[in-house]
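The chain below stands alone and is given in structure tokens; this is the form predicted alone.
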């Protein structure tokens, strides 16, 4: 099971909610980014096992960040997390390198079931 997680969401509320869920399940949150560009830099620097990316973020959105992180061939998994749950966005997320997708609003069961399904 991946233990080190990087969270990227432009909303502090969702970062906090994800962090609380992950910490409660035994994960270590190694970093939090407010945009996709920060997430890309932090993925290289912190070497997480898992990156959770919001789709809609400033500077570099989650799909762009997922493509860039995937291109680095780092040994990590990417999960997208967003309120945009319609099929074209999900398909684009998978093409961008995501292994899973979490639809907001967040629930502990939804987050952990998604993470457990990709591990």
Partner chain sequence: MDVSKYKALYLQETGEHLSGIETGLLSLEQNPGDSFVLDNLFRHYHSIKGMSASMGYEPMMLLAHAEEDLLDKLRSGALANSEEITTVLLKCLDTMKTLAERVRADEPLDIDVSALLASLKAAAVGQAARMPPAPAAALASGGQGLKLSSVMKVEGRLFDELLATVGDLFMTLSSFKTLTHGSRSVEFKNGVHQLGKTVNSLHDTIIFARMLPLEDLAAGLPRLVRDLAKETGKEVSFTTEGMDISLDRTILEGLGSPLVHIIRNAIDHGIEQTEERKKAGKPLPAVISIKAVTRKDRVVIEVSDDGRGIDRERLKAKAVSRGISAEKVESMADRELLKLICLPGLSTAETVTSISGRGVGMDVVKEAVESFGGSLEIESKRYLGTKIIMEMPRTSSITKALLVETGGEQFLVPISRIEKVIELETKELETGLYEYAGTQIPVVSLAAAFGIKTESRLRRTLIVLDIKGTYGSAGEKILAGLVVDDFSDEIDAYVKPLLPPISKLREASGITVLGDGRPVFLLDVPQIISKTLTGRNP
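Residue numbers count along the first chain shown, from 1. These figures come from a predicted structure and were not determined experimentally.
One more form of this protein, predicted in complex with its partner chain, exists but is not displayed; see below.
- Of the residues 88, 26, 75, 58, just one reaches its partner chain in the predicted complex with a heavy atom at 4.5 Å or closer; this is 58.
- Taking non-hydrogen atoms only, residue 17 approaches its partner chain to within 4.5 angstroms in the predicted complex.
- In the predicted complex, at least one heavy atom of residue 107 sits within 4.5 Å of a heavy atom of its partner chain.
- Residue contact with its partner chain in the predicted complex: residue 11 places a heavy atom within 4.5 Å of it.
- Per the 4.5 Å heavy atom criterion, its partner chain in the predicted complex is contacted by stretch 50-58, the sole one of 36-44, 65-73, 50-58, 90-98.
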